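Here you get one chain, nothing else, as structure tokens; it is the form predicted alone.
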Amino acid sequence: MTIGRIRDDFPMLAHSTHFNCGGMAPLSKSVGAELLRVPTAIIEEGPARLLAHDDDFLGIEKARATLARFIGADADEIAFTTQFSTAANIVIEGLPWQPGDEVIVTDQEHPALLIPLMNVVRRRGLKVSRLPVSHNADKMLTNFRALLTDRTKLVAVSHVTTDSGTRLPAEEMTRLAQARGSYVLFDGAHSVGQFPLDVHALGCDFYAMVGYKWLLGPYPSAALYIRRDKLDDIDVTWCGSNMTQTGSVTMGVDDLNWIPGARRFEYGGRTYSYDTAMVAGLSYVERLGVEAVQAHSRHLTAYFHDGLKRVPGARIHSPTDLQAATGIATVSLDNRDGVTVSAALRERWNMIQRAALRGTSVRISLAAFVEESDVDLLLDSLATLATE
């Protein structure tokens, strides 16, 4: 497959220009087929293999091993979750909080992480500190050091920020936080699938990820990495069937023997095809080559930034250093707010993107299926809006 020239695999691209992989990716034919495989078989053949949890049929453990390898983890450190907030809640609700404990977040976190955090802050009497996001890694680390204290229980931040596409100095932040005795949870919604990742080398304790953005999987597929030596630090708070080693109608408290590994957090009934379709999207990225995906995004970012020089009043709010840049490019126009620009791009030119940075800007996602010709159309549209 050739990066950028893969449109035929994504039917929706025949009629829309999709610059919102950072919100939700279009589905390829192969991912759609995997998403429908299990329910189609149930319709045609009945539910026996689903009820028997036949993994040759479901493919969950093969998918778990594939995802683990892709992010540099072991299979028993991966739990599939029903959505990103489920992954966040597993960690946040399971930690051993004490009144006065402190949490560090950035000033660009998504509500899917912030709401579970603020809820536990409210209930447990915790303190929140906000780290300003900067394109300057040294400046961010200096500010981070100043926020860390011996009461910092959790650092919960995006590996790549949602609105500006800023890649945080994750390795250094992890080392500094753990030296003060803090747990580290990364929101990996905008990192997994954008560039190579090795969570063991990163050293973080927890890594929450989604499949429906840069991994090109279905909404709302998601998963959680829990470092093996931290598994027992997270108390099991949400429960259901399939979590214990045995289970019967006569079971009591003494029978609550959790299954080994992160699978203990996969409670109750599951939509298994979302998990395997998430990994079908991952496999699509692997066939493209994640390094090639990163290089393509950097090329398009440079191309877009260069073109913006010809757009009056255009201002870039995402990293301009290509080594720090991701596939998220955020721009504003001096003569219009971001909400107005976003609406015009969608309504007049059928370009799917979204407003960002509190409605001041527009976020453009430059994914593997985006081509220079798409960027040219975008630049022409922005130039029209800037001069009207």
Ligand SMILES: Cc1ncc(COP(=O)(O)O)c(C=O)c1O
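Numbering starts at 1 and follows the sequence shown. Treat the numbers as computed from the prediction; the structure is a model and nothing was measured.
Unshown form predicted together with the named molecule; subsequent notes refer to it.
Checked against the named molecule in the model of the complex, the residues Ser85, Asn136, Asn242, Asn143 give one hit for a heavy atom within 4.5 Å, which is Ser85. Checking Ala262, Leu216, Val210, Val279 against the named molecule in the model of the complex, a heavy atom within 4.5 Å turns up for just one residue: Val210. A residue is said to contact a partner when one of its heavy atoms sits within 4.5 Å of a partner heavy atom; Asp275 fails this definition for the named molecule in the model of the complex, lying far away. Interface residue remark: Ser182 is not counted as part of the site for the named molecule in the model of the complex, having no heavy atom within 4.5 Å.
In the model of the complex, Val103 stays away from the named molecule, with no heavy atom inside 4.5 Å. Proximity of Ala112 to the named molecule in the model of the complex falls within the 4.5 Å heavy atom cutoff. This chain is displayed without the named molecule, yet in the model of the complex the stretch 185-193 from 185-193, 281-289, 72-80, 227-235 comes within 4.5 Å of it by heavy atoms.
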